[in-house]
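In structure tokens, the next block holds one chain alone, the form predicted alone.
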Amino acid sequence: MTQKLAIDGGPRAVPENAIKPWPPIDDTDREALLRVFDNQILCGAGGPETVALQKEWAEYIGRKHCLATNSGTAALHMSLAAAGIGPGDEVIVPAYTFLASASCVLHANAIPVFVDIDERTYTIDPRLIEEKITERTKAIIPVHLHGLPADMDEIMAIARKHNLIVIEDACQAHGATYKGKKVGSIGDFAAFSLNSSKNLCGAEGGFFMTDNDYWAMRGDMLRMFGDEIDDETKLRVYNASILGFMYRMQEFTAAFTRAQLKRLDANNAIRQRNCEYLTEILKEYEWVTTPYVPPDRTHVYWMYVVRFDPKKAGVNLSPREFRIALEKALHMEGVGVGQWQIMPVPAQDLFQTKMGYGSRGCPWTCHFYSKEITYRGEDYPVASRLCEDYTVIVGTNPPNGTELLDMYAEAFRKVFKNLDVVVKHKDDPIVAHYRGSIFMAA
């Protein structure tokens, strides 16, 4: 006899606090932070931990230049600015991603132009890119979403054909590979994030990467107020020759990231095993879509995303209603579920109001840009459908393992065999979302 669902008054399948948080922290991390105190250097682009981290990450990815930054967003903005992209320029961005993939374009006073995503990978659909290219287009920002690489061969071919810059947004895909190459090593630039939820954790921080010496020099100036560096002494001369920012990394972040980097591949392998195990659990339910991984790339599962089809499940609800009902029931069983992006980026208020800088609509109203552009979420049907029916299942990160996933399996069996009860509770006032504490975030 099937156990009574937790949402209907039964016991939880997954005990409270069964999900262990990310990242795992041990004595090597503590020793790394103590090393900063011993060095008595807390900040600065030339700090020993920062310099060492840049070298180690460049070697790991296989790129000539790496600059440590205070965020992945900063690294994206630096890439655009280093390439000289600015007012009047257009940059192609996927319609489904984190806001920073598009807001970095606005920070450069350029215009984001959105492209819908692929139905299976959820990364930018290369078949739709060329129709969005105009005489103003200067760059493409493919996003390696959820830990899965975008279709880089097709994207690079389009970019070379039209003389466009490619900036890889690899903020969610540390260690993922595309045809044997690490993501971040393929485009003209790459940006990574070190936010606490990411596969490589620094609490906050990021990396700007390129093989081009001039762009690297520009990036170094951009992350430090635009100041020039003396060629002989390598010291700042406190003479800003370009408009820059304060995008440097701190030494504590660099030291912690270095310690975490030593375990990145091992931790990714655990994620991959956990997610493959979870896929095996869920494959018996034909109305559940699990992550698709093309055979020419690897997925490092920053997020494990599933979709629910009410028609295949025989449930008379809309995809959104069905997904929310299932999230509530699974949440009550103790399964970590919830969405991270609830709408396509162009549907967000920022792109609807186009208030821009100083409430005057710049860069859209800038005299360098004479076109009228309208953003509508419904113009990106694949991204819109994804937002209706997907949820993230959290807890696939180490140190979690099959013990937790077996408890999840029991929760799935309970909930999925009692969809009539799930539907009955679809309007219950339950907020079904994973806690930030799972990623040691407030």
Ligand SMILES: Cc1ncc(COP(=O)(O)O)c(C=O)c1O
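Residue numbers here begin at 1 and follow the sequence given. It should be emphasised that the depicted structure is a prediction, and the values quoted were computed from it without experimental measurement.
Unshown form predicted together with the ligand; subsequent notes refer to it.
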Using a 4.5 Å heavy atom cut-off, are Val183, Ser185 and Thr298 all in contact with the ligand in the model of the complex? no
Is there a heavy atom of Lys198 lying 4.5 Å or less from a heavy atom of the ligand in the model of the complex? yes
Is Gln348 a contact residue for the ligand in the model of the complex, using a 4.5 Å heavy atom cut-off? no
Applying a 4.5 Å heavy atom distance criterion, does Phe98 contact the ligand in the model of the complex? yes
Applying a 4.5 Å heavy atom distance criterion, does Ser79 contact the ligand in the model of the complex? no
Among 225 to 233, 68 to 76, 349 to 357, 312 to 320, mark the stretch whose residues have heavy atoms within 4.5 Å of the ligand in the model of the complex. 68 to 76
The ligand: the contacting residue among Val335, Met249, Ala325, Val143 in the model of the complex [heavy atom, 4.5 Å]: Val143
Looking at Cys171, Ile167, Ile124, Val105, which is the one with a non-hydrogen atom within 4.5 Å of the ligand in the model of the complex? Cys171
In the model of the complex, which residues of 401 to 416 put a heavy atom within 4.5 Å of the ligand? none
